[in-house]
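Two forms of a single protein chain come next, each set out by itself as structure tokens; they are called structure 1 and structure 2.
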Structure 1
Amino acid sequence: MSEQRESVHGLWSSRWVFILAATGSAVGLGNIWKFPYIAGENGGGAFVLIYLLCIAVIGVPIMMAEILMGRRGRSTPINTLRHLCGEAKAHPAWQIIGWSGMLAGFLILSFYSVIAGWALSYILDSISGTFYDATAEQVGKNFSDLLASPGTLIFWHTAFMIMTMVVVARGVKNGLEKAVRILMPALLILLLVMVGYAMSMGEFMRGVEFLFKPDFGRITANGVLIAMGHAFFTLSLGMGAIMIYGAYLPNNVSIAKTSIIIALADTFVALLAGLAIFPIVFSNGLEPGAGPGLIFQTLPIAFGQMPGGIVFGTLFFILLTFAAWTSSISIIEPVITWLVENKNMSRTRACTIAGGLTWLAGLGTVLSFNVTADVKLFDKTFFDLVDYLASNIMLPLGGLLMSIFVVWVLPKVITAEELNIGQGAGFKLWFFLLKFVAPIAVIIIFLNVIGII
């Protein structure tokens, strides 16, 4: 049954490079602010336990499915689905999984780049001492002025897109692999430095308690839904990024083991971020439940008041930029590989075209914060609409379709061959979770994010 193919784009040099790359894809802006915040507000350690359970029964099984599809097809998600449909003698309409994922990634990067541009802007602000001894009003005005200026937002959006495309244009070995070898260790070092600094604050143990002390009385049905949703979204599932990274994975690497390591590493980074942020928040009497505003409006006040705040504030926003950068290079990779494979383009030309179109789409998000802020469709700005469509509809449906395709359409012999764990208890557990538990959970997540439940 084996139809082993080779990737025309090259392979990762080792399992650990793949783990770095996939973890980099999973670790993004959401890990730095969202996970610590939702954990603290939904039972702390109790929420973390539920979240880890959700990772185990939803995230890891779907990630394994996405990686095995990518490695089997050794191609861009769309072409991979075409190959797999041929191998399984399935209807070619299943290629919609690849098209949907690629489009979702394109839409997500178009606004993700704009938000990442804010972090770039704040690096400069922090270095220049803008936040030094600044009041809440001054920091708030700085953020408002940033959003109100289309020219400034476009400048930083452009800078971030160029950073992303320079890496992707260099290919797997010279671009993606070299970038993650530098950026992921650097991100971890920066996080550990920030945690070390937070330990010197008077409220470090309060931050630890906020994140880890179980309070099962605060767990609600909505909290469980939040844990399920974050377990799915945090691993970059459903957009083809993990699938294309799987296409570069050597045959002798265990998909099961690497998926588990990636999930644990992603969670570890999110918890480290909480340990870095919340002692600073508590030490300065700030509000931990500020969400996105915690990064761009609340923390700068703290950095402006604390000893060494300019240095550590700068390091923090560099950390944010690195997290966004490692995610963005994976998000756009499926589009680049499709152009290379289907339009016979060089990677440089493909990056120029894909990057240019993504940049152009990002202008809609830029204008959503100023010029067209009052222009709404379905009561949503352009940014809100694109975010809702890609994140809340396309990604969950993509994950659901992948689960169905792998367990109901692909012959078992193919999945067993790629996973290479035999068809014993481990394989049967994964198959059961992917066949029944994960799809039901993703349907619940989908119905929750669109407001039905």
Structure 2
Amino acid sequence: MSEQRESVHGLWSSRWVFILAATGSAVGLGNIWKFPYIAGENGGGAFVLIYLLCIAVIGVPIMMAEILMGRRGRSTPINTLRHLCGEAKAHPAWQIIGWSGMLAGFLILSFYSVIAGWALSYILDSISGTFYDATAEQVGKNFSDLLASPGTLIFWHTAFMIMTMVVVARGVKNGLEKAVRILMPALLILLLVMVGYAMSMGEFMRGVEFLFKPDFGRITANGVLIAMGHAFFTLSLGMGAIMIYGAYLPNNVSIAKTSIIIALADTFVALLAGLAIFPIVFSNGLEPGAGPGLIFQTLPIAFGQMPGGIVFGTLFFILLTFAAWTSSISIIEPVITWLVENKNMSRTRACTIAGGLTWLAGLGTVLSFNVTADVKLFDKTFFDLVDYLASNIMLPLGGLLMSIFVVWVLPKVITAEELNIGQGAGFKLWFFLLKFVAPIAVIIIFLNVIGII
């Protein structure tokens, strides 16, 4: 009965490699750059609590569903969906999950690469001692100078896009393993050092309180949507990235256990980043709601003051770039595998085309920080709009469709066989979360933000 397919792109060599690669995908700018700044913009504690809840009851169940679909289909998300529809005798229209995922990936990478470019440029700033003994104003000015220069932003955006495409062209499984094994733990250690440093600051407890003491008066319907969208974004869910990584997963690996490990690691990194950053914000009289520049305006102040700050700062931005790198290659992988499988392209050609187009779209984000900063639609710049649409609407929508598909369309024998945890309490809990809690939560949050309920 079991119909196990093979991936034309090869398999991960072990469960451990999959965990590293999926964690590499999950841990990225979302944790270190985005989480602190959106938590700051949305009032802190209550936002963080909702985000954590979303990770637990929506994120983990959907991650399991997404990996399961990927492993069963063993191909690019669109073809995986086509295959699964065949197995389930369902209408092929479900392939829309794959299409919307590719579009979301394209949109996300377009701005992701620009922000990763900031991290790249900060490596140089750190080495050259720009932050040494710098005041909060000097650090802030350094950042606004960077944003004001489209040429510099484009240069670093281009560099990062090339880095991404070079790895993707070689196949995400080659070379990734060794790098992730060393650099992810290194990033973790460095974050711990930063939190240790933050503890020595007068305002550490204020930072902790800001992050963990919920004040529900400060959260809006839109804030709830952003928290949910971020749960998807940070776990790389809802657009097929985890699905394609699942497609390379050997059959004997437990999807449930690995999903929980990945979600825990990802959440831990985000919380550490928050703990490192907010004490600096409060100690220096900065604004928690300063926006996308938050980490770039805060951490350098600490690097400038701490002993060995030049080394730590440089290392930090190298590792941040690396974390962004291991994420960006997964964001575009669904598109690349689609071009390879369905358009018969070589990986190199697929990367050139997809990378070129994504790079072009990224110019919109570059300009939205300077030349077109005042051009707004729904009160949002181009960057804000692309991020909002992809992260807060397309990813949850993709996740919603995946949960409906796995629960209502795929026969239970298939899901149970792939999950392989029997049909006991664990399976029932997962099924319940996926059938009721996740989809209903997504729908309520959507309706709430439009103002219907």
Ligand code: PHE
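Residue positions are counted from 1 along structure 1's sequence. Under this definition, the rigid core comprises the largest set of C-alpha atoms superposing within 1.5 Å between the forms. Computed from a prediction, not measured in an experiment: that's the story for all the values here.
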Between the pair I just shared, point out the form predicted on its own.
1
Quick check on I242: with the core superposed, does its CA move 2 angstroms or more between structure 1 and structure 2?
no
Comparing between structure 1 and structure 2 on the rigid core, is the C-alpha shift at A270 2 Å or larger?
yes
Is F204 displaced by at least 2 Å at its C-alpha between structure 1 and structure 2 when the rigid core is overlaid?
yes
What is the Cα shift of F446 between structure 1 and structure 2 once the core is superposed, in angstrom?
3.7
Quote the shift of the Cα of P185 between structure 1 and structure 2 to one decimal place in Å, the two forms being superposed on the rigid core.
4.0
